[in-house]
Structure formats: C-alpha cells, structure tokens
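First, one chain by itself in structure tokens, the form predicted alone.
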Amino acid sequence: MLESINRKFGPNTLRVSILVLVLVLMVLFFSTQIQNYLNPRLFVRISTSVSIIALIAVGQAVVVMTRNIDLSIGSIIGCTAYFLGGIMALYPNIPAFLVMPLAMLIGAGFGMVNGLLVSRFKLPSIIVTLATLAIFRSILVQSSGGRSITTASLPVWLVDFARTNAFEIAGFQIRWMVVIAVLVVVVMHIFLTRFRAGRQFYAVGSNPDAAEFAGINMQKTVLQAFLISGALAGLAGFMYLSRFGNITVVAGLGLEFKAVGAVVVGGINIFGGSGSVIGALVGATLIDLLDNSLVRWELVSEFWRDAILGLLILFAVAMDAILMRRLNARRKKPIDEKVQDPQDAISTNGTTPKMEEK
C-alpha cells in the first residue's frame, strides 16, 4: 500500500499531505483545550507571524537542499530591520516600491558574505554561519550605539503596512504580508521544480560528484543559495520592521531556530537533495501555530515551549527517516527481484545463464 501511494503521489506530496493532516488535528485539539480558540483574531495573528517565518524558511530550505545550513538568518533579519529603519528615518520620502528591493539588497549583502566563505574557501557552513550569526549581531550592536528605531521616526505607510488588508474572506482578513509570503513560496516552488537553474540546487545536494560531472558550477550554485537566503531574510526584515516598529539590537534573535525547525518539520532532507518549499510553508505554519497555542494553553508552562518544539523537530526527523527508508526499500525490492530473474538479466555469479539444450 505504501508503495502504491508513493508511486501515485510522490514522497514530497506525501510529506506535505501528512503535515496538513497533523496541522488540522492540532487545530482541532487546541480548539477543545482553549476557550474561544477559533476566531478571526487568531487567524490574523498566526498568518501575520507565519508570513515572516515562511520567508526565512524558504531561504533556509534552498540552502539545506545544497547540503548546507544558514544559522545567521536571525541576525540578518535584525540588521536589515535596523539599518532599513535608520535609512527610512533619514530619508522618509523614498518611494514605497523601492523599499522592499532595498531590504532584499541589504539581506543579500549579508548572504553573499556567507556564500563566499562557504563556496570559495570550502568552509563548513554550520561553522561559518554560526560565526557570522555573532559577527552580524555585533556589527548591529556597535553601529547602533545603543539607540533604537521607533515608530515615530518611520513613515506612516511603513508602520501601517503590516495592518493593511489585501482582501477579506468571510470575516477573515488577509494582510498584504501574507499575500507577499505566499507569492514568494509559489514563485520559488515553480523555479525549483520547473526550471533547470532551480533543479541544480537539488542536484548539488543529492550527489555533488555527479552534479559536478554533469557540468554544474558547484561554487556558483552554493553562492546563489546563500544569496537567496539572505535576500529573503532581508524581505523578512522589512516585514519585521513594519510589524513591530520599535527595533532594538535583539531584533530577530532566535528566528533561526524557527527557520531550521520549519525546514526540518516541513520534510526537507537535512542532508540535501530533496524537499519542497510548500512543505517549508506548512512546517512554518505548524511551528508558529504550536508556539502561539502553547502560550495560551494553561496546562503547559512557558519554560516547556522550546522543549516541545525541540521534541517536534526530533519527531519529524525520525518519522521522515523511517518513511524514506521504507519507501526506498520497497522501491529497491522489485529491482532486486528482476535482477534475480535469469530470463531478464545476468545471473548473480556474473555469467550469462546457459541456454537449455535441445
């Protein structure tokens, strides 16, 4: 049965379907535990928060697909939000349509630093980004001089952007932040699955030697992955600035944990080569919904929230490993049986089967 489901839907579709089912069950469970849980306010709060996490989860997913990881995303968000806020305070008349590209450019600059260190100097990404996590944060602390960005210094349109609705469905407000995040996920999904340049990220993570033999520029692909991650973190920094307004030097702290969690829970293989940004979006929704629900659930202390999220990540990794091991075993079994058939292949001792004598 598992084999037939795998042939019909594929591993990525199966992962996403299971995640959606878990998401629905989680909503139903908390609706029985928390009074007035299902309401439009919860939807707006979760969707607005997820729109930020989804962006960095998509960037993280692209990096992980290449067998790397970016732990500096939280610091990039903080730096982008603070520096962008400073620029907008000094030059409030900058056209609105230029602000998001500017934020992505700032983030891409930080991503380029990570990408060059990993791709050019062949340094382990976990070490590089762990170092730049601290370096970028230190740059923010030193350059800020202890000052904070306040909503009073920002243009009104920027402060109001996070609360602006794109449209409304049956009383549920859909903010522009949510629309932008969904568009990014859709565009990245199409790029990664339909275009050769996007498929190269999978190839590099799946089999680096084969990808290099096929003519794929490994250094360029890894650099591009970190540039995408940095640019999307920059866009998330813009949304962070608009949502919170008051930005301090600790802005974005800890978001890298949620990004990694969303990617792992979303079914992206931590060893690279497989996964879907749609899964990263569902994983981000699952992580943020659980986090927000645990805050309101009186039976769980706030000190256990991170522990539960950690257990969720471990469970997701274990289940993904078990699922993929079983699917690969069932996929390999018919091939082994076919090889053992003397009418179809060479016999197991390396010689062709003898023809039956007349």
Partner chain sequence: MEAQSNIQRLFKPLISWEGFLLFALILLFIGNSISSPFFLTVNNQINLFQLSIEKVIVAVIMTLVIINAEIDLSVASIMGLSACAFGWLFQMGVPAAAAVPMVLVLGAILGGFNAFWIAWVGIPSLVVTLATMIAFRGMARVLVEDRGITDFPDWFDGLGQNPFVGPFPLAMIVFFLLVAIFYVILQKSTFGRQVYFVGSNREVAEFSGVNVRRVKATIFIASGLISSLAGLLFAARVGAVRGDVALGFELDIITIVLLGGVSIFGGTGTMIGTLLSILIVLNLRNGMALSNITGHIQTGVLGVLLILSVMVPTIKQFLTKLFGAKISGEQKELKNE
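Because the structure is predicted, anything quoted here is derived from the model rather than measured. Positions refer to the first chain, counted from 1. Here, rigid core means the biggest group of C-alpha atoms that superpose within 1.5 Å across both forms.
As for the form predicted together with its partner chain, it is not shown, yet the points below apply to it.
- Using a 4.5 Å cut-off to its partner chain in the predicted bound form, not one of 105, 289 and 296 places a heavy atom inside that distance.
- Though the partner is left out of this view, residue 311 does reach within 4.5 Å of its partner chain in the predicted bound form, counting heavy atoms only.
- With a 4.5 Å cutoff on heavy atoms, residue 285 does not count as touching its partner chain in the predicted bound form; it lies far away.
- Contact check for residue 167: every heavy atom lies farther than 4.5 Å from its partner chain in the predicted bound form.
- Its partner chain in the predicted bound form comes within 4.5 Å of a heavy atom belonging to residue 317.
- Distance criterion of 4.5 Å from any heavy atom to its partner chain in the predicted bound form singles out 130 from the list 159, 130, 87, 182.
- Though its partner chain is absent from this view, in the predicted bound form it lies within 4.5 Å of a heavy atom of just one residue from 135, 174, 94, 218, which is 135.
- In short, of 122-130, 236-244, 219-227, 198-206 it is 122-130 that has heavy atoms within 4.5 Å of its partner chain in the predicted bound form.
- Taking its partner chain as it sits in the predicted bound form, the stretch 35-72 comes within 4.5 angstroms of it through a non-hydrogen atom at just one residue, 69.
- Core-superposed comparison between the shown form and the other one: CA of residue 305 displaced by 2 Å or more.
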